[in-house]
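Quick heads-up: it's one chain on its own, the form predicted alone, in structure tokens.
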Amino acid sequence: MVEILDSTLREGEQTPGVTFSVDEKLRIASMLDDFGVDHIEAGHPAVSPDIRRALKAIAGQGFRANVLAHSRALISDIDMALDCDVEWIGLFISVLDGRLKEHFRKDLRQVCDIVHDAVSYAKAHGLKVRYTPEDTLRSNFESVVAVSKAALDAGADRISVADTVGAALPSKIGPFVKDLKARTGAEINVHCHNDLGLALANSLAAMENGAVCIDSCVNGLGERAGITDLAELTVALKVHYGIDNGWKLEMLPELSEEVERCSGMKVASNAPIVGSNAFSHNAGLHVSAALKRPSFYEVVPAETVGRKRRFELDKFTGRDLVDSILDQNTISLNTSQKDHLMDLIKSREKGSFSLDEVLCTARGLGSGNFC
């Protein structure tokens, strides 16, 4: 069983140009809980007063999902999270060699002590703790092992492997997770960015090698190119691994539309699962086969994910689709009239026909009166 942590309200709000109001966050969190995610990462309370208000409000809803606050490995950040009444805290600090020298001006031993103290403080105050060595995949593996052990010795519940700049390959992240788990005995989370378009593949590779929780965002929001998309992730888990944690996959379009509306970030028409073209069929051969059995050209039935199958009407249209439309609308045309209708559809060099246009034309042909 693999858990899903949705970070739309934290990582997603770090998308350039995206902010959510407190009310919007409450609506999205409620939908995520209804959908069935295991954890909702609801924000970094040190960032702003409205994030603290939203965190506290979400934590007070009594959701089935765990509510998690993002936090630097600082006592002041942890105290803010405690004031928000969250169940989990995600602490982070990097052990990347360059960051240690140029940013933090500390050595590995000092950072291990900082992490140990921060985790100990959070645990002493009743929080469950996930520790993330930021930019994990580009960090020295032995440094990651050392800081992870310091966190675990202090009581950390999870270690998160973060591909912070989306630089990993599935062939790298898989063995990294497997080796880190073997060296530390930790339960591993994974957080993959999509800078090279590999976030989903890397997330799945990490899961195959022992990661127990995958981070995601609705519509793949997040810093720069975003992180693993919730819809792609949950559908891939169901299709390829038979994993279905009771997720309400039929809610994916509704979730996508709500986050699109609140964020102002438009979903691409060719986006998997939730894009307007995801279950649209065009080429005549494709349409003919899909009319007989949708699985010939759909990896998952449209209905499973709350979508409707759609067939495009343009110069690629085949006779099978025209016959189907005529039958469904009880329009009777002879062979010559059908040929004429096909010629009209294929004559449009650019653009497509609406169903209403085709029906109007077909009825006109049948009656001798053209639209």
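From 1 onward, residues are counted along the sequence shown. Just so we're clear, the structure is a prediction, and the values are computed from it rather than from any experiment.
Another form, the form predicted together with a small molecule, is not on view; read the next lines as being about it.
- The shortest heavy atom separation between residue 92 and the small molecule in the predicted bound form is within 4.5 Å.
- Contact annotation: residue 164 falls within 4.5 Å of the small molecule in the predicted bound form, judged by heavy atom distances.
- Interface membership of residue 160, defined by any non-hydrogen atom within 4.5 Å of the small molecule in the predicted bound form, is confirmed.
- Taking the partner from elsewhere, residue 132 is found to have a heavy atom lying within 4.5 Å of the small molecule in the predicted bound form.
- This chain is displayed without the small molecule, yet in the predicted bound form the stretch 191-199 from 73-81, 191-199, 239-247, 139-147 comes within 4.5 Å of it by heavy atoms.
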